[in-house]
Structure formats: C-alpha cells, structure tokens
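The chain below stands alone and is given as structure tokens, in the form predicted on its own.
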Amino acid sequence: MLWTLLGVMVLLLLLGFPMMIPLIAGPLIIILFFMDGLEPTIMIQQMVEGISSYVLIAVPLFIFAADIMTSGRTSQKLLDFVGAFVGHLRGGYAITTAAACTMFGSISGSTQATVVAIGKPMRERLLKVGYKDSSAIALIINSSDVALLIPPSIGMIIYALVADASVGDLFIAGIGPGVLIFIFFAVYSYIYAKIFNIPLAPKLPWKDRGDVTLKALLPLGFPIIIIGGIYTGQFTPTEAAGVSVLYALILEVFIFRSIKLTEIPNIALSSGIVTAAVFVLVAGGQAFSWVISFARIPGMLTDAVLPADPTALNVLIIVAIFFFIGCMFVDPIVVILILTPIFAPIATAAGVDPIHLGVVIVFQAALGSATPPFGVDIFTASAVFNKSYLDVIRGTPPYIIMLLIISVLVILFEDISLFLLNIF
C-alpha cells in the first residue's frame, strides 16, 4: 500500500502534474483499491474539513498585506533605515541586506515576497560595491528564509492547523532562531567583506539617521501590531492578519501614496490566486493525512526509520532529515501538510514539546526553500533577477552550511525556541 501510494505520486510528478494532483490522486487510489469499505466521497468531506478552520482566515489576509507592501514603499524605507545605521560598517551592505530581509519577513511572512521586495534594490547595491553576483543572490535568498520563521509566518500557521498548536506561541518561538540566522549571516558578511576588501559605505550624520528613522517608524509598526496585539490580548492571530491588511492599506495608499486605490483590485486578484493554490494544497493535505492515518501508514514508516523506543532527540533528528530533504524537492507547505501528521504523534509520545517541534519543522522548511535542487526561492530568484539556475545556486554552499549548524543548535537546545515564550 505504501509503495503504491508513493509510486502513484512520484509518477504523476514526473509526468509534470502540479503537486496538488498527486496529493489528491494518491490517497484516492488507496481508497479505491485497498479500502473496500470506504466510499470515495470521504475524500471530499476531508478536503472541506481541511479548509474549514478559522485559523486559515489569516493566510489570505497576510498574503494580501504582503502583496500591498511589496507593491509600495515599505521595503525601501526599511532598507534605508537599516543602511543608515550599519551600512558604513565592514560588510555593511550585506548586513543591511540580511537585516532588511529579517525585518520585511516580520511583516510579510513570505520568503518569496521578501526575495522580490528586498532582493531587487539590494542586489544592485551589492554589485556596485564589488560583490559577486552569485554571492549577492545567495545572501538574498538565504536571508529571506527568516520570513518563514518569524511572525507572521505562513508556515507556522499551516503547522499550527495540522498539529493543533497555538499560532501565537509559534510566532513567538520562531523569533529566536530567526534572529540567530541573522547573527550568523552578519558575522559571515563581516568576514567576507574583510577578506575580499569590499569598500565601506559613507557614514551618515546623526541628523540624516534621525530623518530615516522617522520615515521607517510606520513600517516598523507591523511586527509591534502582530506580536504586541496578540500578547496583550487585543486580538487573535487571525484578527492580527486583518489589522495588518488595514494598516498596509493606510500606509501605502493614504500616507506614502505609493499605490492608487484603483490598483488594489489587481493586487487582491494576485493574492487570491496565491491563496487559492495554498487552500487547494491544504485541502488535499487534510485528505492525504486522513487516508494515511486510517491505513496506518505512519506506523509502518516510523517503524522502518525509528528505534523501538525513540528518544526525543532521535525523533527530532529524523524529523529534521525528512523535512529538509522533502523541502529540497517540494513546496514547504506541501511537506508540512504531508509529514507533520506522520511525525507529530510520535514526537509528542517521545516527550518533544509541540511548539519546539513546530520550530524545528518550519526551520527545515525554510532551509529547504533555498537549497538545490528544487528550493522554491531558487526559482523565484531566477525569475526576478533573470539569471540561470546555476548562477543562482553557485554562491549558496556557505549559507547552507551555516543554516545546517543553526539547525543542529535549535534541535539540541530547545531554549533557543522557547526562551522568549517562557518570558511572555
């Protein structure tokens, strides 16, 4: 049964079908040929149930808010703000890129939106001061991974839905690993600039820094709204998504005037297309998880890869390996939907904190997003920068190595994920 399921899904992928087709067709074939007592219509029931959760309302709203900001001036104001304070340091341009990706990720929740919004202006700056194109692109796509970890991470929302975990707690828990990634990348950028003698940017006087800071205050309000609003009890994570859309509209349409009201329908249409694809994947993922659970496939799989009485560390290592490899080939949302129902019960039984498990899983999804052969951010960067696949991945090895080291630290020391949550 397991090999039939995998065979059907791999065959359909090789034939060029989008991921949603094998995700639905595989379980349907299992029902038709291996489960005589079940009606195929149960697939429809499970798919509808998969997209009925109140939590999912946040997804299209955060996507819409990110699209509004990507079309406006928010990213440029964040770049100017960060550059004003660290641009003159050794490796300042690269550190500015990493910091801006971190900040924009805390606003958009999307790695691909971050590549587009921060990547375009920063790549030109990096090239002008002497960075190789491959190094600049690698920095951009890997720094954008932070968006999948820190709030309002769409990956965290999907995990929370599948694992029945708290979205707010996951948002807080992802901040520590996200900041750790930035620190690693900033240190590496300093060393790289020193070795290759990258020139320094001019140091801005404090008056200019003050002006830039004032202009960036409103964009910096997004993470305060999301985290502060949730943990002061002003609104739920889903309501925070709605407030983010309203805030983005006020900022870009009425204050910055970078977007006209007549452009909003086209932006909403673009967000709707992305949302539809995500929701079909979520619906298919729910049907897939129900069928494999009913068929006891998770037990078969875990018996094959885990010892008889696994420890928490055993489980986390296997989870990291499976999710990392999976996200190298398939969209992270799909991998979270497919593998979380398999490993979450085993992890809980082994004593793994479900919030820590979520951070480990989403971290691997972020890492896989920028890792060859098929990390989604690689193809986004290829399209945005009009560069070949090989040009995009040429500079990624140092960043992948750093992310793997951080991944090991996150697995071994759960306080990296949970210390902020414990404080709150």
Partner chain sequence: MQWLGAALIAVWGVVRKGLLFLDSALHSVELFILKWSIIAISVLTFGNVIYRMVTGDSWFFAAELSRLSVIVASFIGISYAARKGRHISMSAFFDLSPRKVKKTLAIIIPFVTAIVLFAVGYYAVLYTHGIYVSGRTTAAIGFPFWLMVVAIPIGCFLGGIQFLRNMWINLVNKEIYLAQDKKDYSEQ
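Predicted, not measured: the structure shown is a model, and the values here were computed from it. Numbering follows the first chain given and starts at 1.
Here the subject shifts to the form predicted together with the partner chain, a form of this protein not shown in this document.
Can you tell me if residue 40 lies within 4.5 angstroms of the partner chain in the predicted bound form, counting non-hydrogen atoms only?
Taking the distances in the predicted bound form, the answer for residue 40 is yes, it comes within 4.5 Å of the partner chain.
At 4.5 Å between heavy atoms, is residue 20 in contact with the partner chain in the predicted bound form?
Close contact exists here: in the predicted bound form, residue 20 approaches the partner chain to within 4.5 Å, heavy atoms only.
My question is simply whether residue 24 lines the interface with the partner chain in the predicted bound form - judged by any non-hydrogen atom within 4.5 Å.
Looking in the predicted bound form, residue contacts with the partner chain include residue 24, since a heavy atom lies within 4.5 Å.
Decide whether residue 266 counts as a contact residue for the partner chain in the predicted bound form under a heavy atom distance cut-off of 4.5 Å.
So residue 266 counts as contacting the partner chain.
Heavy atoms within 4.5 Å of the partner chain in the predicted bound form: which stretch in 242-250, 85-93, 116-124, 191-199 meets that?
Going by heavy atoms within 4.5 Å, the stretch is 242-250.
Let me test this: is every residue among 32, 61 and 235 within 4.5 Å of the partner chain in the predicted bound form, going by heavy atom positions?
Answer is yes for this spot.
Answer option from 322, 182, 279, 256, heavy atom within 4.5 Å of the partner chain in the predicted bound form:
It is 279 that has a heavy atom within 4.5 Å of the partner.
Name the residue from 213, 314, 271, 76 that puts a heavy atom within 4.5 Å of the partner chain in the predicted bound form.
Result of the distance check: 271.
Counting only non-hydrogen atoms and a 4.5 Å cut-off, give the residues of 29-67 close to the partner chain in the predicted bound form.
The stretch 29-67, when checked against the partner chain in the predicted bound form, contributes 32, 40, 41, 44, 45, 47, 48, 51, 52, 54, 57, 60, 61, 64 at the 4.5 Å heavy-atom cut-off.
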